[in-house]
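Take a look at this one chain, the form predicted alone, written out in structure tokens.
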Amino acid sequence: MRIRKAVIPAAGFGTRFLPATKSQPKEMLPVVDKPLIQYGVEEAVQSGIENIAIIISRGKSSIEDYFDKSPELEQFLKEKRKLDLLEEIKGISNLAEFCYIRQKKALGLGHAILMGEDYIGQEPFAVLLPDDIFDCHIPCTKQLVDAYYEVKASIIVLGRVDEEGTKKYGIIKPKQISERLFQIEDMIEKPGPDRAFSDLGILGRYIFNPEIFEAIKKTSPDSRGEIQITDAIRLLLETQPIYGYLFEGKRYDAGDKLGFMEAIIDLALKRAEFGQKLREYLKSLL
């Protein structure tokens, strides 16, 4: 079955970016000239996805407004003959068909994904965490979709991590199938270097078969009362194979302040209109 739906969890408080996120969603912080969440949406669309459910919470209405039509702004741009900007703005609301689902209480990533069950139905679907920006020749989710069609099983994006990364990400116990494809034998959430199975971390892109929803429902909350998707995946492993795919490209952890700044600099350097001037400016600082 074709992957045509995605869930983007965007209901968190964005505490790592306070005070900037006190009154605006972290997902709407600009990376060069686009909000963070737009990078994930565009990646999904470029990967063949047509329908996107965004999981939001109180205070996130600006996300809905952003992907909606803006007649007043469109009319203003039309009158001012700013036709390039007009087409760009109109294109945002036409990227995909959007559905917004409100999560009333932050109960973990597993719970946020579960909120999309009725929307997804009995289809395989993608999950994209908006904190991650992937800069890849082939969109990261497209790489994952292609691998899913090969294995016909739930599959997650993997990346090589250092010792510090083992404290930040879920780590898998891999059985290598090919250069980039691994069958997952076990996984552990943020184990640290002494307990890590490998250097392969789980990096914010997933494709799940719908059986993940029942696994989430059976998953016990952790000590903070949150349902972790890693625990649900481990439960699903008991009944069906799950794979990991080592993506090709570069990832930015834009949910971290340093990663956010790295993404801005690197993506800005690629822009024809000011990349060279920015490069010269950065050289002057060194």
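This is a predicted model, so every value here is computed, not measured. Counting begins at 1, following the sequence as shown.
Unshown form predicted together with 1-O-phosphono-alpha-D-glucopyranose; subsequent notes refer to it.
Engineer: Flag Y169 as yes or no: does it have a non-hydrogen atom within 4.5 angstroms of any non-hydrogen atom of 1-O-phosphono-alpha-D-glucopyranose in the model of the complex?
Structural biologist: It does: once 1-O-phosphono-alpha-D-glucopyranose is placed as it appears in the model of the complex, Y169 has a heavy atom within 4.5 Å of it.
Engineer: If we define contact as a non-hydrogen atom of the residue within 4.5 angstroms of the partner, is R234 a contact of 1-O-phosphono-alpha-D-glucopyranose in the model of the complex?
Structural biologist: Contact with 1-O-phosphono-alpha-D-glucopyranose, no.
Engineer: So in the model of the complex, does any heavy atom of L109 sit within 4.5 Å of 1-O-phosphono-alpha-D-glucopyranose?
Structural biologist: Answer yes; at least one heavy atom of L109 falls within 4.5 Å of 1-O-phosphono-alpha-D-glucopyranose in the model of the complex.
Engineer: Is T230 close enough to 1-O-phosphono-alpha-D-glucopyranose in the model of the complex to count, meaning some heavy atom within 4.5 Å?
Structural biologist: Contact with 1-O-phosphono-alpha-D-glucopyranose, yes.
Engineer: Each of R2, E43 and E123 near 1-O-phosphono-alpha-D-glucopyranose in the model of the complex, meaning some heavy atom within 4.5 Å?
Structural biologist: No: no residue has a heavy atom within 4.5 Å of the partner.
Engineer: Can you work out which of V127, I184, L144, L203 has a heavy atom no more than 4.5 Å from 1-O-phosphono-alpha-D-glucopyranose in the model of the complex?
Structural biologist: Checking each option against 1-O-phosphono-alpha-D-glucopyranose in the model of the complex, the one that comes within 4.5 Å is L203.
Engineer: Of these, E87, D135, E211, E189, which has a heavy atom no more than 4.5 Å from 1-O-phosphono-alpha-D-glucopyranose in the model of the complex?
Structural biologist: When 1-O-phosphono-alpha-D-glucopyranose is considered in the model of the complex, the option within 4.5 Å is E189.
Engineer: Going by heavy atoms within 4.5 Å, which of 203-211, 89-97, 67-75, 175-183 lines up against 1-O-phosphono-alpha-D-glucopyranose in the model of the complex?
Structural biologist: Going by heavy atoms within 4.5 Å, the stretch is 203-211.
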